[in-house]
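Just one chain is shown here, as structure tokens, and it is the form predicted on its own.
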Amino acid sequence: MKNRPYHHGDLATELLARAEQTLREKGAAALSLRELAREIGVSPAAPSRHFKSKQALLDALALGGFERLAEATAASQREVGESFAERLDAAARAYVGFTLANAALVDLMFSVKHSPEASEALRAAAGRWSEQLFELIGAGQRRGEVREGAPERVTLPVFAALHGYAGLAVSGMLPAEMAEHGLDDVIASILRQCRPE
């Protein structure tokens, strides 16, 4: 029997990369620390130095996903105008683009963060991303471009519309004629819904 090495240059990073690939190709149920170790060529015990369980690996994947989503959202706001419409448009396209490119990861992110076993770091990362949306709405309210109300309550229908649209797009449920301009229509509807009364 061939002995596999325990040590690896950056095993945690390699495990996460392989795990995300498996998630994308086969789903979360197919993830196994033992199988990942075999694929990478390290001993079956090696992953436990970084991830004590499959749940810890799932948490780490979701945490990384929220961090990347927060960065994509922040990047969308750097080269955009000051108006709420411009900022919302950029943030919406960043969210939908991220979701389309990482559908399995986004599913994991939004399911694992609600798990009782979710780490505090994961909950904090999800909260940081949510705060970006609340701040976008709050800034629009301060400029008089968004209706009054608790930012969390104004944000919920915005997120629901974007998440719903992304889900339809990922599942292939959008007819081709709707896919081309569908996001434009969703953003226009959100902007109408957010206008001051």
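Sequential numbering from 1, following the sequence displayed. Treat the numbers as computed from the prediction; the structure is a model and nothing was measured. Basically, rigid core = biggest C-alpha set you can superpose within 1.5 Å across the two forms.
There is also a form predicted together with a further copy of the same chain; it is not shown, and the following applies to it.
Distance criterion of 4.5 Å from any heavy atom to a further copy of the same chain in the model of the complex singles out Val170 from the list Leu33, Val42, Val170, Ala60. Interface membership of Arg143, defined by any non-hydrogen atom within 4.5 Å of a further copy of the same chain in the model of the complex, is ruled out. Not displayed here, a further copy of the same chain is approached by Arg123 to within 4.5 Å at the level of heavy atoms in the model of the complex. a further copy of the same chain is not drawn, but in the model of the complex it has no heavy atom within 4.5 Å of Ala17.
Although the partner is absent here, Arg153 sits close enough that one of its heavy atoms falls within 4.5 Å of a further copy of the same chain in the model of the complex. Every residue in the set Val112, Arg147 and Pro157 has a non-hydrogen atom no more than 4.5 Å from a further copy of the same chain in the model of the complex.
The partner is not shown here, but in the model of the complex the stretch 174-196 reaches within 4.5 angstroms of a further copy of the same chain through a heavy atom at Leu174, Glu177, Met178, His181, Gly182, Asp185, Val186, Ser189, Arg192, Gln193, Arg195. Annotation: Cα of Arg68 displaced by less than 2 Å between the shown form and the other one, core superposition.
Here Arg123 counts as shifted, since its C-alpha moves by at least 2 Å between the shown form and the other one after the core is aligned. A movement of the C-alpha atom of Val112 reaching 2 angstroms or beyond is seen between the shown form and the other one when the two forms are aligned on their rigid core. Relative to the shown form, the CA atoms of Ser119 and Leu156 are brought 3 Å or more closer together in the model of the complex. Between Val170 and Ser119, the C-alpha separation shrinks by 3 Å or more in the model of the complex, relative to the conformation displayed.
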